[in-house]
Each structure stands twice: as C-alpha cells, then as structure tokens.
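Listed next as structure tokens is one chain, alone, in the form predicted alone.
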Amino acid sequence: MTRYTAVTDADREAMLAAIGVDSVEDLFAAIPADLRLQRPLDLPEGQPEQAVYAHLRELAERNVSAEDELTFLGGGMYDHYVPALIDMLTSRSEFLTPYTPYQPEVSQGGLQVMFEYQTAISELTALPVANASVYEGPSALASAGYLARLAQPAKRRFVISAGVHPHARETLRTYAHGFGAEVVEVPLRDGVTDPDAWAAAIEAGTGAVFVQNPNFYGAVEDVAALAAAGREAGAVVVASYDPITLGILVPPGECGVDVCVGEGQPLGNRLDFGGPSFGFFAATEAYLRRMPGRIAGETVDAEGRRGFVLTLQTREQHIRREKATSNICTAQALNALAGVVYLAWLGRRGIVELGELLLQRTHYAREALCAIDGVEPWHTQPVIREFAVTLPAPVEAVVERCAAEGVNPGLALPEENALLVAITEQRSRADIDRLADVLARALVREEVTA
C-alpha cells in the first residue's frame, strides 16, 4: 500500500518547516475548538488492498439493475428506453471531453448544443426562455426559490404543496435557510393540493408558490387554479413538471406559471444507479436576468453567418461572486445533450404518442392492481404514468416478497402503507399482468404469515 502513501515523515517535516509551522495540527489552529470533532473519525481499521477489493465486489453484487428485474420503481427517476443514437452522439470526443469554455465563442458546437437544448425546453414548457440546464430536479426547484427571493427580497414566505417530491421540498428548505425564507407546506386532499388550504396559506408576504404536476403521488394537479391564487398575491409561481407528460398536458406556460423546472432524467438518460442527470429550468422573460446557470444565444457574425454566443452567465466563475445565482458548471452539459437528442428522436408527434401510451398503460395497471382483494387506490385523481395504491398488508414486507420473484412492484410509502407504481413504455401489458399476479400472491403469503 506504500504506493498510495508516498509522503514519508521526513517529507512532512520538511514541508512543515518550509511553511513555518511545527505540526500538521497547527494548520487548523484558525478553526475554533467548538467546531472540531475532538476525537478520531469512527472508521474501521485499514485493510489490505485485496481484502478491500473483495469487500467492494461483495457490495457491488448486491446491486440489481432495471435490466435484471421487472421494475415498476419510479418516484422521480424512470426506466425509459434510451435509443442507441444517444450513446453514439454523447460518446463523441467533442461532446464527451470538453470543459466549460472560458472563451465561449470559440466553442461554436458546444454553444449550438446549448441553444438547441434551450429551444426544445422552451417549446416543451411554452415559456419563452430556458437556461442550458442545472444539476437535477430538486436543485432546479430550490434555485427557482432563490430567483424569487432575489426578485422580491421583502417577501420571505414560500408556500409549497405536499405533492412536490420530498427531495425537492427538503432541498428548498435547505436553500431557504441560507437566504432567510420561511417554507410553509400545504397538505393534500384526495391526492392533490387542498385548494382551500392553499389559498389560506398564501398571503401578502408570500414571495413564491411551488407545485408539481403530476405530483409525487401521480395525480394531475389543477395548475391553472393554483397558479391563479399565487399570482393574485403577487407571488412567483413555480411548477415542477415531469417532461414526458408535457406531450399531453397543458404546458405550464399556458397555466400562468412563471418558472417551470423539473428532473430531466426521463429524457434520454438512464437510471445509472441514481445519477447523474440534469435539471431543466424555463421562465418568463421577466425573470431572464435572475435565472441560474448559462444561456446561449443565436446571432450572426461580421459576414452574416449564423453563430452562437454565451448571452447570460450568472455563475460565480464568470461574474463577481456576490452577483452569482448559481455555481453550475460543465457536469450536466452531456446529460442535457442526451435530453435534446432524445426529444429530437421522439419528435413533436412522438412525445404525444408516448404520453398517450403511458396514459393507457397506467390506467390498465391501476385497474389491474385495484382488482386484487384489499388493494385500494390511494387517491381517485386522474393519473398519467404513476399512481399510488394502499395495501392490506405491510408494504415493505410485500415489496420484499415481490422482489424474491424478480419483480420490483414500486416505491414503498410506509407512512401511507401504500405502493407508488410507475409505468414506462418498457412495461408491457404482459408485464403489468405479471405484476398483478406476483403482488396478489405476495399479499396472500403475507396474510398467512401474519
């Protein structure tokens, strides 16, 4: 293992002498004592390389991919088919290897990718401007909160629906703590945002309202009505959308939404054990200069030829740090490229047909599962690609029994003793029938065991 610890005690003494301190501990003298751990880290003893490799291999063998089981797992990340075209294009070295260009106009190809991606997101959301992507869905929603805070600094109240993804709600709370905003959560009623509680929570000091469509439980929200209540109070209306559903839902730009964000993973990005993915961010022109990240624009050069420029760059490496609205960097550009390639591959008609297919199969699955004795819909609202059902037995135990038969039936929601079931185009009617059969057997076995 010495090749990993090449610095000797003599080397350390020489380096400490060169910088004028007596010990490594002196390097941390500026950190107050009450902020220090004051004990060794709780880590196991070191192991030989061979033992570490064997341990990591054992951990890796516990992983089960979506190709190894029949999965209905969703909750924000979905097992969609990724066409070979995406791997072919994203693997090209000009896309795969570049870093953020600090002389951006030299990188015309990279800027054009950003521009085409922004155009696709703008058309999808029916909002006039979109940025070149952010890290992922939850941070996109939290960044929209920061945008609202900058736009209306005197308004420190955020109202958010309980139907927004739990990770996004937690991320917003974390951001809001940093810039001094209060986050008020509105409960659901029959699976959707309670309109009365929503209206009661919004007051003059509300700077932004947040809703998700379809919401975390798969229910389609009345975004236009919820947005109207927010706009009446002068709040920034933020909506998080599943992009796949925008082929059949009324787009947010036509529902009174000011800022639309969302998780881009369903657009041409595999699950990849949880990441990376990208977040999309679109808004009305009123919030153009407060958007995070980068925006590429189209222009012409001195000879009249089409060209691209970096129009807006609000990240901390491009402008004075105190004026930055984001630290977004290179990381998500490749994932966003996969997103725009996927949308181009689907085409305008394809995304509508995909949405219609999901709508049909989801309703078939909902009826098939609710036909099982004791299984009930958690809500009765319209759904597109995901739905929740309550079970007559402990949900986590039922999930384990289904997994033993090679089926992941969905995301367990222990608090509601419910199962969140997601449908993609990769789940056929035969797959859904198998899910219903395996779930029914698991419930019977759990009942017998109990």
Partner chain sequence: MSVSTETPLQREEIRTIFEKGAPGRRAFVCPELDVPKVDGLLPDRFRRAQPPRLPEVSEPEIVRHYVRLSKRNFDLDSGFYPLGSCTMKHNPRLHERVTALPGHARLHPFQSPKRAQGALELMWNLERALAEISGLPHVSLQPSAGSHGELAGVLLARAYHEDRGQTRTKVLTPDTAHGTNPATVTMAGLEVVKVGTNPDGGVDLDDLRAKATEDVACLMLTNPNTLGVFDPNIREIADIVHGVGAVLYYDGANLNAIMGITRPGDMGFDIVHFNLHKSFTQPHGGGGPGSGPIAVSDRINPYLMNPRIVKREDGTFDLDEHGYEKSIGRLRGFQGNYGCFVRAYAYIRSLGAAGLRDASETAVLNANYLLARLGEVAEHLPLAFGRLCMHEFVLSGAPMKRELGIRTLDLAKRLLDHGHHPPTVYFPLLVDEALLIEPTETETKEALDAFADAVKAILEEAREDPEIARNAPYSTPVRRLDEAGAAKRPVIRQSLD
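Superpose the two forms; the largest set of C-alphas matching within 1.5 Å is the rigid core. Numbering follows the first chain given and starts at 1. Source: prediction; values computed, not measured.
Below: the form predicted in complex with the partner chain, not depicted.
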Among 183 to 191, 229 to 237, 359 to 367, 198 to 206, the region lying within 4.5 Å of the partner chain in the predicted complex by heavy atom distance: 359 to 367
Counting heavy atoms only and using a 4.5 Å cut-off, do A154, R434 and R441 all touch the partner chain in the predicted complex? no
Taking any heavy atom pair closer than or equal to 4.5 Å as contact, tell me whether G75 reaches the partner chain in the predicted complex. yes
Given that the partner is absent here, does V375 sit within 4.5 Å of the partner chain in the predicted complex, heavy atoms only? no
Do A296 and the partner chain share at least one heavy atom pair within 4.5 Å in the predicted complex? yes
Mark E221 yes when one of its heavy atoms lies within 4.5 Å of a heavy atom of the partner chain in the predicted complex, and no otherwise. yes
Are there residues in 139 to 164 with a heavy atom within 4.5 Å of the partner chain in the predicted complex, and which are they, in order? S139, Y146
Core superposition between this form and the one not shown, C-alpha change of A18 at least 2 Å: yes
After a core superposition, would you say E49 shifts its C-alpha by at least 2 Å between this form and the one not shown? yes
Can we say the CA of P414 moves by at least 2 Å between this form and the one not shown when the core is superposed? no
Can you tell whether I31 sits closer to or farther from R173 in the predicted complex than it does here, judged by CA atoms, where the change is 3 Å or more? farther
Pairwise C-alpha change, R57 versus L271, in the predicted complex against this form - closer or farther, 3 angstroms or more: closer
